[in-house]
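Presented as structure tokens, the chain that follows is alone, the form predicted alone.
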Amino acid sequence: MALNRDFVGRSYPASPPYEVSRVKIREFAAAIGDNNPVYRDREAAQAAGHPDVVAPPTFPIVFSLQSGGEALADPGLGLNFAMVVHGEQRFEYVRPVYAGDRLVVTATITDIRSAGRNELLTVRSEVTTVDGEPVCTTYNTIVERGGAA
């Protein structure tokens, strides 16, 4: 069944704050196999000009779909999670994510389209500090296999 196109343009309220910790950054860096010391050591990060440990560029995937998750779980959308695979993700940065940041995410469904027998859904998430400072924008596309009408 095709996804409900009426969801394109829907925005979802800001997520609860996500507190970025050095431990989570270190765990994420280990999971992706990146040994860069600025992801693990505060002194190395400061020597490189950062205020604290820096998160790897793809780190926001950890929390960026929190707000969009509300949309994806809405039965009115018609998404079959059993058929979902990852399509694409990209990040546009204003500044890096640092340990100690308290971040919130506001998500908008920006596109739903068919590609062959598949449905592609794109969520844009605006990541800001709790004080409203822009940090990055994430774009996540998921594919529902066989969902196109």
Partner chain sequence: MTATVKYDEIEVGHEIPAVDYNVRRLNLVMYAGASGDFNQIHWNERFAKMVGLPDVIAHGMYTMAQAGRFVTDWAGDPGAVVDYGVRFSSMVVVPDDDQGATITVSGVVEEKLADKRVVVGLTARSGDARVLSKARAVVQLA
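Since the model is a prediction, treat every value here as computed from it, not as a measurement. Numbering follows the first chain given and starts at 1.
The same protein also exists as the form predicted together with the partner chain; that form is not shown, yet it is the one meant from here on.
**Student:** Check whether Leu103 has any heavy atom within 4.5 Å of a heavy atom of the partner chain in the predicted complex, and answer yes or no.
**Tutor:** No, Leu103 stays farther than 4.5 Å from the partner chain in the predicted complex.
**Student:** Spell out, yes or no, whether the shortest heavy atom distance between Glu92 and the partner chain in the predicted complex is within 4.5 Å.
**Tutor:** Because a heavy atom of Glu92 falls inside 4.5 Å of the partner chain in the predicted complex, the answer is yes.
**Student:** Give a yes or no for Gly49: in the predicted complex, does one of its heavy atoms lie within 4.5 Å of a heavy atom belonging to the partner chain?
**Tutor:** Close contact exists here: in the predicted complex, Gly49 approaches the partner chain to within 4.5 Å, heavy atoms only.
**Student:** With the partner left out here, check for me: in the predicted complex, does some heavy atom of Ala31 sit within 4.5 Å of the partner chain?
**Tutor:** Because a heavy atom of Ala31 falls inside 4.5 Å of the partner chain in the predicted complex, the answer is yes.
**Student:** May I ask whether Glu27, Pro57 and Pro96 all come within 4.5 angstroms of the partner chain in the predicted complex, judged by heavy atoms?
**Tutor:** All three within 4.5 Å in the predicted complex.
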